[in-house]
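First, one chain by itself: the form predicted alone, in structure tokens.
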Amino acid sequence: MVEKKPKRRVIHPWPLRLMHWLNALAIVMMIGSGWQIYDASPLFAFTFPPLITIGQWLGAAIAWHLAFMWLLVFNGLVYFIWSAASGHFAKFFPLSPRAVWRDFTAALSFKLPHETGVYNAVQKLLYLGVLFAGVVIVISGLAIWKPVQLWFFCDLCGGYVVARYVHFFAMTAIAGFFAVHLLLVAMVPKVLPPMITGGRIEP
């Protein structure tokens, strides 16, 4: 009898790939339009250059922001449900400070090995951190959008004024993750094709 070879495992299943790219689109549009909204009433002594904002004026920026807010929220809910049901969240654990420090120092010396389909400790921490930032930015965004109707979110953030700062710093965390993510992809370009095609690895 001819022994059948076990099928190669998909690195990134299609639901994950679809949610990844939808999320990337939503984040780019929301950050760009958010910067335009910020420029209309800055929290700090700087504004974002018009070249990197989306909307050109406040009304259009708000329209873009609200439109992609629903995509981000819906996509995020589907991601959490799918990850919990499929066991995807298990990839982020176990995680310990010692493992994070070990992999962080290895990355600084360009000695961090890359195993296809496996997250290192730094990646696990970053992914968990950006998921938390995503929850915070949605709650603070809803608090800013409807401070009276959604007063419980507003109170949770410490009031309307504080909610704006919470929203800004959550955005900064997500934008920082986005920049680091792109940098890592540029450093290890072989990780990009599997996020488009799914990729295959031996079981």
Partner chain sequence: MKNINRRSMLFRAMALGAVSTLPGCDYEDPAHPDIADKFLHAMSAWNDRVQEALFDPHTLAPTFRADQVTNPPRFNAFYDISQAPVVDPATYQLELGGQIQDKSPWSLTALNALAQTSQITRLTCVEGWRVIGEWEGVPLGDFLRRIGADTTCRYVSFKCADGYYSSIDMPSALHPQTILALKFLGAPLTPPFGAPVRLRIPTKLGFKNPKSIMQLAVTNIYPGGYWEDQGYNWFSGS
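What you see is a predicted model; the values in this text were computed from it and never measured. Positions refer to the first chain, counted from 1.
The discussion below concerns the form predicted together with the partner chain, not included here.
**Student:** I'd like to check something about L18: if you look in the predicted bound form, is any of its heavy atoms closer than or equal to 4.5 Å to a heavy atom of the partner chain?
**Tutor:** Outside the cut-off, so no.
**Student:** I'd like to check something about L51: if you look in the predicted bound form, is any of its heavy atoms closer than or equal to 4.5 Å to a heavy atom of the partner chain?
**Tutor:** Judged by the heavy-atom cut-off of 4.5 Å, L51 is in contact with the partner chain in the predicted bound form.
**Student:** So in the predicted bound form, does F153 come within 4.5 Å of the partner chain, heavy atom to heavy atom?
**Tutor:** Heavy-atom contact with the partner chain at 4.5 Å: absent for F153.
**Student:** Is L25 close enough to touch the partner chain in the predicted bound form, meaning at least one heavy atom pair within 4.5 Å?
**Tutor:** Yes, L25 sits close enough to the partner chain in the predicted bound form that at least one of its heavy atoms falls within 4.5 Å.
**Student:** Work out which of the listed stretches, 67-75, 92-100, 124-132, 105-113, brings a heavy atom within 4.5 angstroms of the partner chain in the predicted bound form.
**Tutor:** Going by heavy atoms within 4.5 Å, the stretch is 67-75.
**Student:** Decide if the three candidate residues K146, Q149 and Y160 all line the partner chain in the predicted bound form, where lining means a heavy atom within 4.5 Å.
**Tutor:** Looking in the predicted bound form, the three residues K146, Q149 and Y160 all sit within 4.5 Å of the partner chain (heavy atoms).
**Student:** At 4.5 Å, heavy atom to heavy atom, what parts of 17-49 sit next to the partner chain in the predicted bound form? List them in sequence order, or say none.
**Tutor:** L25, V28, M29, I37, A40, S41, in sequence order.
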